[in-house]
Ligand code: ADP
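Next up: a single chain in structure tokens, the form predicted on its own.
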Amino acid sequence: MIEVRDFSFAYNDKNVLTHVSAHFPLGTFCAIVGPNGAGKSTLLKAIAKLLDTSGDIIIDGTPLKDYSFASLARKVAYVSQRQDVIFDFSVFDTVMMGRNPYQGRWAAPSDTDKNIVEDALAMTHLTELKDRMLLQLSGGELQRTYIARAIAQQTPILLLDEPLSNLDVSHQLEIMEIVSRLNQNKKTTILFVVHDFSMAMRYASSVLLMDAGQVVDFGEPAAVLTPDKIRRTFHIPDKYDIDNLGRIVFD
């Protein structure tokens, strides 16, 4: 369970999030949607404790500020929007990094760790690529690798910041199917930032619609992503028609 209570955050005295409140029960599959600069990524980073903030965020009844980074890493896995390959590890070694919160500083991976990593590789269709180096991967394969690492972390909460960016449609669907199975089979609470309304409508159980650092609406996808709300939130001129999937309709 994640609860955000009247949360505000500012960068260099500029408000990025203003009085944001939301409650994400166990097993939630929530799409966070909004225009650029709405504060979507900032909200995920705040929940992942990647920002220096004392805002009121509660995870499983415990204030975020009371979690150590090690204890939070056993609760929350976070996959960022941009993943630069700095060190060229193998796919297997990269996914094994998800087991770090459960290992001693100099401990070798246990058989349990290896089995969990193998399961994560199988779930993300990476078993045949496990010995390949990161710099040899396509964009979709690299994204699946980082999601596999998060799966191997075995947390009840998974945060995904634009997991579909820079992927073609087939790879987008592949990622969403993987994440959807994780939500359905493991009851993992998933929050994901997405720009594609149709993906949000197809996969999410709820949508948090944001604009200018504030919550516009929060609820079931069909009730939140209406043409009128999309028009107002994304400031789309009246001359363009919008269908029920949030797509611009051109004559």
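Keep in mind the model is a prediction, meaning the values are calculated, not measured. Numbering starts at 1 and follows the sequence shown.
Although it is not shown, the form predicted together with the ligand is what the next lines describe.
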property: Listed residue that, although the ligand is not shown, lies within 4.5 Å of it in the predicted bound form (heavy atoms), from T188, S206, T53, S41; result: S41
property: In the predicted bound form, the residue from P35, P63, G27, G219 that sits within 4.5 Å of the ligand by heavy atoms; result: P35
property: The ligand contact at K14 in the predicted bound form, heavy atom, 4.5 Å; result: yes
